[in-house]
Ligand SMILES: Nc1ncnc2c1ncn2[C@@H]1O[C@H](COP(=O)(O)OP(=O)(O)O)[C@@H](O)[C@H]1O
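Take a look at this single chain, the form predicted on its own, given in structure tokens.
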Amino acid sequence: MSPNAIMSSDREQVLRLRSIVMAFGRLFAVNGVDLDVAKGEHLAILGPNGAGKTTLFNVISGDLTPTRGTVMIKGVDCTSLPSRRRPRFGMARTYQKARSFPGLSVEDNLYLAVVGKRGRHLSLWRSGTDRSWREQARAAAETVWLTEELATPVSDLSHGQKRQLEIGMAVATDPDILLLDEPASGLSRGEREWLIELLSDLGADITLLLIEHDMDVALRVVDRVMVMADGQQIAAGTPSEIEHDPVVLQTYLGTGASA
């Protein structure tokens, strides 16, 4: 393990990365990252564009199999496990680009997220289970302030509402590990305040990993921060420590971006 690996507390470990390398030919998008995350922790992964943040998320969520290294989820080696199998370990994820169905309603998108978590096929017959999943979908809509838009087609939502829906679809699966990829992207100031409130109110048992370009959002909702550049970890610590870290100020904030 690298000497500056970011470590969590003594709580139960739900995610452990060891020596993660993700190479595309001669390009090392991620190069030797170690990471421990404990149950209930909130961690932000920050860094300039091209730092390797989303690639690391893709490895964690199973969208990519690392060139080298190990991904352990709840003590199970999931390195080669595809993304469709990760929800069985309580993992849910959002993406930079929306993956909702624009022709369906808000409620139907949330419902399909619940069905997908269960690995079930849709049926023409309504059952008690189906009604329960519909209730779960509506509860997720309330969590992300979309109750009044349940019947609205996704294509008619504002950009901010679509971001809310993306988070709602992840929350609807009742995750233990929630990965959010730039959830504040494109949101207004008011919508960002809503997002901060939502993330701050997540249940104590939900482990949050957050990629975010908005430093204000990220540092207000997490316990720990890992900063990446050129595929490697360059700093780690509490939000306060990261704000004053000279390496971060030079290589990250010094880019002139809020990213």
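The numbering used is simple: start at 1 and walk along the sequence shown. In this text the structure is predicted, and so the values were computed from the model without any measurement.
Not on display, but discussed next: the form predicted together with this ligand.
- Although the partner is absent here, P48 sits close enough that one of its heavy atoms falls within 4.5 Å of this ligand in the model of the complex.
- The closest heavy atom approach of G62 to this ligand in the model of the complex falls outside 4.5 Å.
- Although the partner is absent from this view, G52 contacts this ligand in the model of the complex, with a non-hydrogen atom inside 4.5 angstroms.
- This ligand in the model of the complex is not approached by L198, whose heavy atoms all lie more than 4.5 angstroms from it.
- Listed residues A29, M215, A38, I206 were compared with this ligand in the model of the complex; A29 is the one with a heavy atom within 4.5 Å.
- Contact with this ligand in the model of the complex, defined as a heavy atom within 4.5 Å, holds for exactly one of S83, S132, S188, Q96, namely Q96.
- Stretch 53-61 is the contacting one of 66-74, 53-61, 218-226, 198-206, since its residues have non-hydrogen atoms within 4.5 Å of this ligand in the model of the complex.
- Along 212-246, no residue reaches a heavy atom to within 4.5 Å of this ligand in the model of the complex.
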